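Given next, in structure tokens, is a single chain: the form predicted on its own.
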């Protein structure tokens, strides 16, 4: 469910409030864990203890689909045991782990298959251990810049009102000459981040799309307008700004939909932010496994996943995926590239894939 918190006169901000919270016992020994426990009590949330998220077997629900939906509304508070960071190419050198799982219901999301049947939202309270490990990576690579991606397996902006993890990371990275933080979000809950001393060492990127895509395939996220307004706030707070247009979906009226997206960004992004503005463009793709899972979890989805209409593309690890045929992919890439550079001639497009 969501709780509405006033942010300014005439506006309401929806934030994620879980319906069930599990705590691993060790998590209560950390300040963040104790704070979240108190927060859960103050919000009258059901609290349970578990020795490990892998041992949670008492979720309500009769069917796999019911349990999946309940798991998406379940928060697990724990300690990050593994402090070896995964790589995160091409976005960054490393993924910095502050959370796993997401409360949103994006039909196409790759987390549908990677997080299994019970995708709890998990947060890690040993934030000092995590930043200390990040510091070691920075020291090992300097004088090269080391980039850390904080949103590989979650959307931490949607959890910031619960954890404060991003604020901690941003201020930590603001003090690192050779460190940089980056993350992407579909949520507009950026108020806690605006006054932080980031020293331009954190790039905040917003996942944006045509309004049709957001309305039909991204339930439980911030709206088209809310995300763009939040991007403007971030830019005016001095953060380096980026946009990920993903997944780019071929649909009726796609040209006007994506043209309106770029026009809306142009209206909101202040001119001084344009020189360091970045775009990442990712066309829609799916695997046979993902298609099967998506159709089971969202049986009424309008998401087009017809293999006959797609091109099969082999991945680097020997696994293939279905992407748009070259003619459609090229049309999407050329149209968006033209729109971006017509409106943001000083911006850069990092990649189209």
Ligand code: 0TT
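Just so it is clear, the structure is predicted and the values come from calculations on it, not from any experiment. Residue numbers count along the first chain shown, from 1.
Not on display, but discussed next: the form predicted in complex with the named molecule.
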Quiz item: So which stretch, 88-96, 171-179, 270-278, 191-199, is the one near the named molecule in the predicted bound form (non-hydrogen atoms, 4.5 Å)?
Solution: 88-96
Quiz prompt | 4.5 Å heavy atom contact, residue 353 to the named molecule in the predicted bound form | solution = yes
Quiz item: Can residue 282 be called a contact residue for the named molecule in the predicted bound form at 4.5 Å between heavy atoms?
Solution: yes
Quiz item: Does residue 231 reach the named molecule in the predicted bound form if we count a contact as any heavy atom within 4.5 Å?
Solution: no
Self-check item: Contact label in the predicted bound form: residue 208 to the named molecule, heavy atom within 4.5 Å
Solution: no
Quiz item: Which one, 152, 162, 71, 262, lies within 4.5 Å of the named molecule in the predicted bound form by heavy atoms?
Solution: 152
Practice problem: Check each of 130, 244, 248, 138 and return the one that places a heavy atom within 4.5 angstroms of the named molecule in the predicted bound form. | Solution: 244
